[in-house]
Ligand SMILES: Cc1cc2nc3c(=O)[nH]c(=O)nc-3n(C[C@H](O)[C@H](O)[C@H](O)COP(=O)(O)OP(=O)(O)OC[C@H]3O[C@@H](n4cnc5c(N)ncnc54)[C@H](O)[C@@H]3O)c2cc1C
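Shown here is one chain on its own, the form predicted on its own, set out as structure tokens.
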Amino acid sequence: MYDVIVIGAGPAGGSAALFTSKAGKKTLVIDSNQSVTKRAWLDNHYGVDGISGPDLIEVGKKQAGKFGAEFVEDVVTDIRSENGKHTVVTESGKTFETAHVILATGMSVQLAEKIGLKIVPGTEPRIKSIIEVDQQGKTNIAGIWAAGTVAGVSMHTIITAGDGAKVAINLISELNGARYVDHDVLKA
């Protein structure tokens, strides 16, 4: 049983996994390897002097992995929710159980529609539909959150990564029962 399963390892999902795993939450990331970021060159990502999308994703995965996040490459086909528990089902037939899911599926709402999340018109050019979320990142199904482009934020990687972090912080805060803050400091 995982504390958090993140669906999607692009900037939003990878960032969410970094925060949840660093906070000590047992985190699994399931990624289909279809991120649009895989085709990007980034000269507008703060703190990075030009990086390819695939390299950005790999750095993010290494960061989250350093804190224990696990990664599986597969396609999620269903999420079954019952009694506060979610069972994530993949194309290869694997199932994983968790208390919380973060959908970070980029431009795709297909899974969200299938499981009954509320879908609304998109807010970005070429983004037809998004998942309706509250300010915390919560959807209309308890324990299922959404972050990044699929949750209606700008599809720029710096913004989706920040949204993934925001949603993760809110989820961690809820799990801990108090506002969670993650500040590292330089060692003297």
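Residues carry their position along the shown sequence, with the first being 1. Everything quoted here is computed from the prediction, not taken from an experiment.
Omitted here: the form predicted in complex with this ligand. The next part is about that form.
- When contacts are defined as a non-hydrogen atom within 4.5 Å, none of I5, G143 and E174 contacts this ligand in the predicted bound form.
- Contact with this ligand, judged by heavy atoms within 4.5 Å in the predicted bound form, is confined among 63-71, 31-39, 117-125, 133-141 to 31-39.
- Contact check for T149: a heavy atom falls within 4.5 Å of this ligand in the predicted bound form.
- Although the partner is absent here, A12 sits close enough that one of its heavy atoms falls within 4.5 Å of this ligand in the predicted bound form.
- Of the heavy atoms in T27, none are within 4.5 Å of this ligand in the predicted bound form.
- Within 4.5 Å of any heavy atom of this ligand in the predicted bound form lies no heavy atom of A99.
- Shown here without this ligand, the chain has D74, V75, V76 in 63-102 lying with a heavy atom within 4.5 Å of that partner in the predicted bound form.
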